[in-house]
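Just the one chain here, laid out as structure tokens, in the form predicted alone.
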């Protein structure tokens, strides 16, 4: 019976399903073809690698944020955690040890993310409100660490992760690829990943199935915090400067990239690779506007319109099901 039904399912994909699954890739291809025809400097290895390298911190955050959103949560504190981890790593690199700083950034992010998850599940408050509040607290901590000043971090043992290269490829890009593969395996090939989908799809059913939903939620927020911390370390390493204002607005860019990738804002469905594709799409739009020397206002306008279309497609998909 299953042998008969499988081919039918295989060819039952609708244009709407295709748009939700591969729409972001389709737009990326169209953009790349268009920009290649307009500018000779676009389709070069140097420019393409630079786009991926510049996008690496945001893509790392988007990978972990995808787990949070699939699990039915929302994390508005990633930008603030990015800021705290940045200044903490910078301070440790200067005053303690640069290698310890590289490890400390993700660990600090992990701890702050775990605190988010513990408050959300412990008090039963929506993650939107909790992470909005903690983002203000974390931003204050970043200012306390630095006194509002910048921390110069010009140490070779620290800067390799953000500025070093293996051949033509930046180490930050290698870190992103490894991080993305680990999270894809975690989400699609482990019991934990299946439970994240279950919690986001129907939490009550997940509880009745014996899944410890609070624990799953806490872990997703912990991983989100860790990713923000790692991204903060890479950013500080790259520019050799830690700022308490680092990461302002980054949470919205990461959420936008995840939505562009087709992950349902209601939870229960999504994919890591599509979130990374969403980040690259936003980076391509920015790169294209820079090449064409267009007013940055139109870049935000274009990105916003694309996000609205992505959300509309997702909503139509839920209604059709």
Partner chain sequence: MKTALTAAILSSALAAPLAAQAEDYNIAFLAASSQNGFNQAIYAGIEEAAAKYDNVKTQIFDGEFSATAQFSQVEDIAAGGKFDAIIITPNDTVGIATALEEAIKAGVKVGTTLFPVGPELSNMEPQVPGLTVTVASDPVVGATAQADAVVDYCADKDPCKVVVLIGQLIYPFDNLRNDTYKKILGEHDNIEIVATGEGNYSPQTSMVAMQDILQAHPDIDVVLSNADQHLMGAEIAIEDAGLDMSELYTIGGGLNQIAVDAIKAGTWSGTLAQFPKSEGEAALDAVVKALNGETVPTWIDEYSLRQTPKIVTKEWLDANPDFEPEWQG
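Numbering follows the first chain given and starts at 1. As the structure is a computational prediction, the values presented were derived from the model and not from experiment. Basically, rigid core = biggest C-alpha set you can superpose within 1.5 Å across the two forms.
One more form of this protein should be noted, the form predicted together with the partner chain, which is absent from this view; the next part is about it.
Enquirer: May I ask you to state whether residue 212 is within 4.5 Å of the partner chain in the predicted complex, using heavy atom distances?
Expert: No.
Enquirer: If we define contact as a non-hydrogen atom of the residue within 4.5 angstroms of the partner, is residue 28 a contact of the partner chain in the predicted complex?
Expert: No.
Enquirer: Verify the contact flag for residue 95: yes if a non-hydrogen atom of it lies within 4.5 Å of a non-hydrogen atom of the partner chain in the predicted complex, no if not.
Expert: Residue 95: no, not in contact with the partner chain in the predicted complex.
Enquirer: For residue 269, is any heavy atom within 4.5 Å of the partner chain in the predicted complex, or not?
Expert: Judged by the heavy-atom cut-off of 4.5 Å, residue 269 is well away from the partner chain in the predicted complex.
Enquirer: Which one, 230 to 238, 103 to 111, 203 to 211, 181 to 189, holds residues whose non-hydrogen atoms are within 4.5 Å of the partner chain in the predicted complex?
Expert: Going through the listed ranges, the match is 230 to 238.
Enquirer: Kindly confirm or deny that 47, 143 and 296 each have some heavy atom within 4.5 angstroms of the partner chain in the predicted complex.
Expert: Yes, the whole trio is in contact, each within 4.5 Å by some heavy atom.
Enquirer: Could you tell me whether the Cα atom of residue 41 shifts by at least 2 Å between the shown form and the other one after core superposition?
Expert: Stays below the 2 Å threshold, so no.
Enquirer: When the two forms are laid on each other by their rigid core, does residue 26 show a Cα shift of 2 Å or more between the shown form and the other one?
Expert: No; that C-alpha moves by less than 2 Å between the shown form and the other one.
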